[in-house]
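What follows is one chain in C-alpha cells, specifically the form predicted alone.
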Amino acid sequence: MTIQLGDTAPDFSAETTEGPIQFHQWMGNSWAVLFSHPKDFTPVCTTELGEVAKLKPEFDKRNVKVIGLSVDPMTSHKAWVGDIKETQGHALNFPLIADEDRKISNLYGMIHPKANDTLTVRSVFIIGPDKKVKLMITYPASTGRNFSEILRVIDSLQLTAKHSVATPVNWMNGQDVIIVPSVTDEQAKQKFPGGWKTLKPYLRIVPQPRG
C-alpha cells in the first residue's frame, strides 16, 4: 500500500506493551507519531526508544502521542524494555506495537523489499487529530533518527495548521515565519496588524504568530 500526504492514516487494532489498542480511538483528538523499528535488541533502535522516552514530556506538551512498532513478538518486546532502561537511562513510557504478522507494517508500507524483504525500514508518520498523514520520513535501517528534528517539524505543522504562514529553512520555534502567497497584502493587514517585511512580493517575513 502506498500512503501519501493528506491520506487518512489507516486504522488498525494492535497488541502493545501497554495493552490492546484501536489506533484511531487511541489517538483521540491528539496528534500522533508512529515510528517503526527493524528488529528488537538492535543497537540503533535501543538508543532511539530511550531518546523518545526522555523526550516524552516534549511530545506531551504538544498534545502528541508517540507509538513504536517492531515485527517481533510481545515476549521479545517486554524483555527488550529492560535493556532500554539499563543502557539509555530512561524506561519505556509509551506503547510499542508487536506486529509479528507484519499486518500493520504492510498496511503502512514500512517493508521495502529492496532494503529487506522481512524487516521494516525506519519509518516515521506524523498524523494530525483529523487522522490525516501530515509527514512521512523513511530512513535506512543503519541510520538513527533525529527526534529533535521531528519535534521541530511538529512545531511547524501545528503552527502552519493554525495560521496562514509557512516556516523557512532551518526554522526553529520562536523565529520569524513567511506569509503564504495565497494571502494578499490586504488580507495580511488583518491577519498580521503588526506588519511584515517584504523581501519580494512572494516573500514576506513576519514574526511568528502567538496563540
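The structure displayed is predicted, hence computed values, not measured ones. Residue positions are given as counts along the sequence shown, with the first one as 1.
What comes next is about the form predicted in complex with a small molecule, which does not appear here.
Taking a 4.5 Å heavy atom cutoff to the small molecule in the model of the complex, the contact residue among Ser30, Thr42, Ser164, Gln158 is Thr42.
Of the listed positions (Met136, Ala141, Leu107, Ile111), a single one reaches within 4.5 angstroms of the small molecule by any non-hydrogen atom in the model of the complex, namely Ala141.
With the small molecule omitted here, the record of contacts in the model of the complex names 34 to 42 of 34 to 42, 50 to 58, 168 to 176, 150 to 158, defined by a heavy atom within 4.5 Å. Though the partner is left out of this view, Arg122 does reach within 4.5 Å of the small molecule in the model of the complex, counting heavy atoms only.
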